[in-house]
Structure formats: C-alpha cells, structure tokens
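Only one chain comes next, encoded as structure tokens, the form predicted on its own.
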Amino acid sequence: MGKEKKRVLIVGAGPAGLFCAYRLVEAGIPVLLADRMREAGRKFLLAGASGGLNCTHAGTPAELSEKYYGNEALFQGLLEDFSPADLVNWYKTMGSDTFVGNGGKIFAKLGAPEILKRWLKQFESSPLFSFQGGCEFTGFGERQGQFKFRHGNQELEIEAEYAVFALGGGSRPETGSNGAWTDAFQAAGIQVAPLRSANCGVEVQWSPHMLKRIASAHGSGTSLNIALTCSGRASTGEVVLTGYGLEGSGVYSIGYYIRQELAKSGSCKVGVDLLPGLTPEQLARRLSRPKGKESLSNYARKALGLAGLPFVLFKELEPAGDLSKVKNLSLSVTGCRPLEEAISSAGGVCLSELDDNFMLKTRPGCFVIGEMADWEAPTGGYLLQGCFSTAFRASEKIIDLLS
C-alpha cells in the first residue's frame, strides 16, 4: 500500500463506499478503498441475489422520506440532493436501464453481478483508484489522520487527509459486514447505538397443528395475501409463514414499529386482516348468507374464498371460528430473528455524532456513511437509495474541501 499519505481513504467496499469512491475518482481525487473482504461489492451482490436488483423506489423525496423512520427531515434533504431519478441515471451510466415494478419498486434490468463488474472495470482503468482487500479496520491512530488495520498477520497504519467509513451494520457477516468496528469507534469516544436486527423475520409461538400445516405447505404455499398492522401502521408486501413465525416484505415494512413495541413490553400485538381486498361492508353481505349445516371450512371457502393455509391461520388466531373477525384478528409477536439473519441492521454511529455532511464532529475529516450510521428503512429500494444518498452528501463535501 505504500507509506505515503493518502488523499482519501475509504474503508468498506459496499454500495456506499463504492459510490463515494466513484464520485471522488470522477472528480479527479485519488482514493484508496480498503475492505475486510478480498473482493469488493459483496453486500451489493447480496442486494440483488433474489428477485433482481431493487435499486430504488419511485416517488418524490417528501414521499420517500417517510420510510426513513425518525429521520424524515434529514432524508428528505438527502433525497433532494441525490434522488431516485439521479440514481436511475447513474445506473444508465453503468449500461443498465431500469423499470418500475410492483408498488413503485424500481429494478435494474441488468443483474447486480454484471453492474458490479462494469463498475469495478471503470475503477481499474483509473490511475486515481487503488483497492486493498483483506484489510480490516482495527482503530484510530494516535495522530489525526492515522488509521490502524490488520492485513493478514501484519498490523498496518495508513495516513490520509480524509477518511470515509462505510463499514455497514452487523447483518449478513459473510459479506464482511460484521459490526466489529463498533469496538474501535466506542474506544475512540464515539457514541454508537447497539446494532439490532432490521428487515428481519419475527417470532410467533405457533401451535403444533399450525407448525405441521406450515411444514406441509412448503415454499410459495406459505406466502399469503394478508395485511398486518402495528401502532396504526399498515404493512405493504407479501407475508410468509415460517416455522418460527413471519417473514417477508409485509413484515419488514412495519418492523420498526414491532421492535418499538417489543422493547416496551417484550411482546407485540399485530393486527391481521386475512382478506384485505374485501371491505367490511362486503364481508357483512357475504356472511349474511345462512351457514346451514355446512362445516365452517366449507362455509368460509364458499362465502369468503378463505381456504387452505389462510383458513388454518384464521382458526389459529380465532379458535371460536367467528368469521366476522376475519379482518380484525390479533397475532402475538414474541421477538425478532437474530442479527446474522437480518437483511439490514438498525443502530450504528449516532447521528448526533455527525454533522450535516456525515462528518464526525469530534474527528474532522472523518465521515461515516451508509448503513453504518444510525438510520434505517424497509426493503423496497429504500436501503440502497439511502446508502447512495449519504455517500453523495459526504463526497460532495470532500470534493468541496479539496477543490
């Protein structure tokens, strides 16, 4: 890596770190990108591993900012600086058009591996860019602008005028995002909120009968068109039944509120609507048909179209079999799945430690971007957009400082 002082050191080669490096190199600024993994972009590849690369979400900055829970004003500004339209245009520079899918999700037409390949190829052609894999950040040096790393069996120190930390949270550690950086930051007196699971499954204590039916349904048969509510917030997206509870985007979209309730009392009541496409008036009209001698399951199937696993779930939540409650059931959630399983994490460097440009107030010249900072959002393109927008804000400041 050489002993000369680097212009800008970026630590972490996920989406935020890569995009920050891209913008700085484009501006003519030399960059050293270091990552714990030997290859760059592991978390970016994971983002497109199933169902295509959902790269952002359609909507205005004001509309989208509502998904960045508790940080709406901050992210409205970030999304105005670097919007979904800007990100779509950037994907075009990588040779990929985009399209709008269900619910406003925006997908890249090219897969994540091909986009990453083209992205890295642009870096390789620039003399301003260098990459050091297998290099793990271990702490801040004694002097300002000095940073410690472990590279194999060696302890290294790298000096840089500016440093950008994009080390991610603690989810999916196989990508290199293991949260180990928290100790080094806390040792430096930087306040870090504990890393917690976000965009993860939630746990439910199913009955033995329910567990058996879920196990026999398998795969797509466990995906239900139902709606959940928590703290007055309705879910969006699919809900998948699992042996441990619930999974899917319909859970992730209200996961923030579920966690808040769990933190208060250790359990959380989630409202369940098994027939979200049916109005209460339509439900009442359909249930006005006499049941006669029909079994409850036959009557529910004929009158409401409620059958199979959704009907089993109804009986699990309403043992008395009162079908008038089918849109107003209650499910008790007892916990969240482990951080290692989560798509993303909450917590990280407290935003109070950062200025408006994501620079550490106590360490001028050091920036914290992406999932490593304490913000969160549901899946649906919001996470990647947030990573790119925070990287854009920090890179703009560095470009300004070095111009």
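In this text the structure is predicted, and so the values were computed from the model without any measurement. One-based numbering along the sequence shown.
Unshown form predicted in complex with a small molecule; subsequent notes refer to it.
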query	finding
A163, heavy atom within 4.5 angstroms of the small molecule in the predicted bound form	no
4.5 Å heavy atom contact, M37 to the small molecule in the predicted bound form	yes
Residue contact check: A300 to the small molecule in the predicted bound form, 4.5 Å heavy atom	no
Non-hydrogen atom contact S65 with the small molecule in the predicted bound form at 4.5 angstroms	no
Answer option from L360, A58, L46, L351, heavy atom within 4.5 Å of the small molecule in the predicted bound form	L46
Candidate from F137, F75, F82, Y256 lying within 4.5 Å of the small molecule in the predicted bound form - any heavy atom	F137
Candidate site G12, N54 and I343: all three near the small molecule in the predicted bound form by heavy atom within 4.5 Å	yes
Interface stretch in the predicted bound form with the small molecule - options 23-31, 330-338, 352-360, 370-378, non-hydrogen atom within 4.5 Å	370-378
